[in-house]
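Below you'll find only one chain, the form predicted on its own, shown as C-alpha cells.
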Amino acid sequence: MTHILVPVKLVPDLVEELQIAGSGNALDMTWLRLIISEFDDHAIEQAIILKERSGGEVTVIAPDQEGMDDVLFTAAAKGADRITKLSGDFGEGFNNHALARAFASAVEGLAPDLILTGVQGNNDLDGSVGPCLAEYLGMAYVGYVAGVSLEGGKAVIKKEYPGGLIAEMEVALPAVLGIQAAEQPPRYVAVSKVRQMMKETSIVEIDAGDLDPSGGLDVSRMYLPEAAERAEMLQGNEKEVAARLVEIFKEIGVI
C-alpha cells in the first residue's frame, strides 16, 4: 500500500494589503490573513487522485500556524486519511530551511513512499520546501510536475517546460515531487462536511523541536516599491503616436 505524504504551509493572502513590520525586515503579521499555498492545495488534490486511482493512504502534515486546523480538517474532508501538525515555535515566523528540517525529522517516523508538496509559495525568498526536504531525506526531487501515476515502485510523472512542452519521466520511489498543478482543480467540500470531520477526525501532533533556520537569507530591509516618474500617455491618431514613439526611442538611445 502506497503511503503518500503531503507537507503544506500557509502563506499571505495577496488580496490583502501587505504592511511592513516596525523592524523593517519582515511583514507585519498582526492582522495579515493566511491561506493555504495554492500549489500545496494542488499537491493535496493530486495525492487524493492517486489514492482514488491506485489505492493507498494520504497523510497531510503542516506546521502549527494560526488557522491551520481548518486547512487540515478540510484536507480530511477531501479524502486525506491522516492529518498531522508539527508543534513548535512557528508563531514567530520561520524560513523554508527550518520548515524542511522539521518536516524531515517528522518524516523519519512516517515512512512515506511518495512526498508531494507545492512547487513553490508566494512567500518563498529562497529554497522551496520540496528541494530542501528531498536533500535532507536523501531522496530524488522533480519539480514543476503536472501529472503523476504510480506503477510498481516508481512514479511516472509529467513535467512542464517552457513553450508548452511536456516531458514524461520515471522516478524510483521514495521521491519528492514539487506539484505545479494537479490533474484536476482542487475539489470543493461543503462546510458541513468539514465540520463533520472535526467531530470524527483528530489531528495528530508531533513535536518539531527547536527550529533551525540556518542556510536561509538574512533580510536586512523590506520596503514598498518607490514611485518614480509617472507614465506618459500618448495622445493623437496612429501616425502621431507612432512618430512620438520613434522620438522617445531616439531620446533614450534605443534607435
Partner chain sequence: MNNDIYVVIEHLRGQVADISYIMLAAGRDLARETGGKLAAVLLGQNAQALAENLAADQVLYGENAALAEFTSDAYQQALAGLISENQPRAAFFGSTTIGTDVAGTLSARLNIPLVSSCSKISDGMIVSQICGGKIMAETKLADTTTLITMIPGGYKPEQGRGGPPEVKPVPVSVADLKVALNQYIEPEVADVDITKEKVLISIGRGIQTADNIELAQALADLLGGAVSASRPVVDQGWLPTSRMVGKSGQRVKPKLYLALGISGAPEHVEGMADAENIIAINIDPGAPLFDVAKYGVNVDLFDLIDPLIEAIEAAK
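Predicted, not measured: the structure shown is a model, and the values here were computed from it. By rigid core we mean the largest C-alpha set that fits within 1.5 Å across both forms. Residue numbers count along the first chain shown, from 1.
Unshown form predicted together with the partner chain; subsequent notes refer to it.
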query: Heavy atom contact within 4.5 Å of the partner chain in the model of the complex, the stretch among 168-176, 72-80, 102-110, 85-93; finding: 168-176
query: Heavy atom of residue 215 within 4.5 Å of the partner chain in the model of the complex; finding: yes
query: Touches the partner chain in the model of the complex: residue 204 (any heavy atom, 4.5 Å); finding: no
query: Contact test in the model of the complex: residue 223 vs the partner chain, heavy atoms, 4.5 Å; finding: yes
query: The partner chain contact in the model of the complex: residue 152, any heavy atom under 4.5 Å; finding: no
query: Residues within stretch 123-145 having a non-hydrogen atom within 4.5 Å of the partner chain in the model of the complex; finding: 123, 124, 125, 126, 127, 131, 132, 135, 136, 138, 139, 140, 141, 142, 143, 144
query: Core superposition between this form and the one not shown, C-alpha change of residue 21 at least 2 Å; finding: no
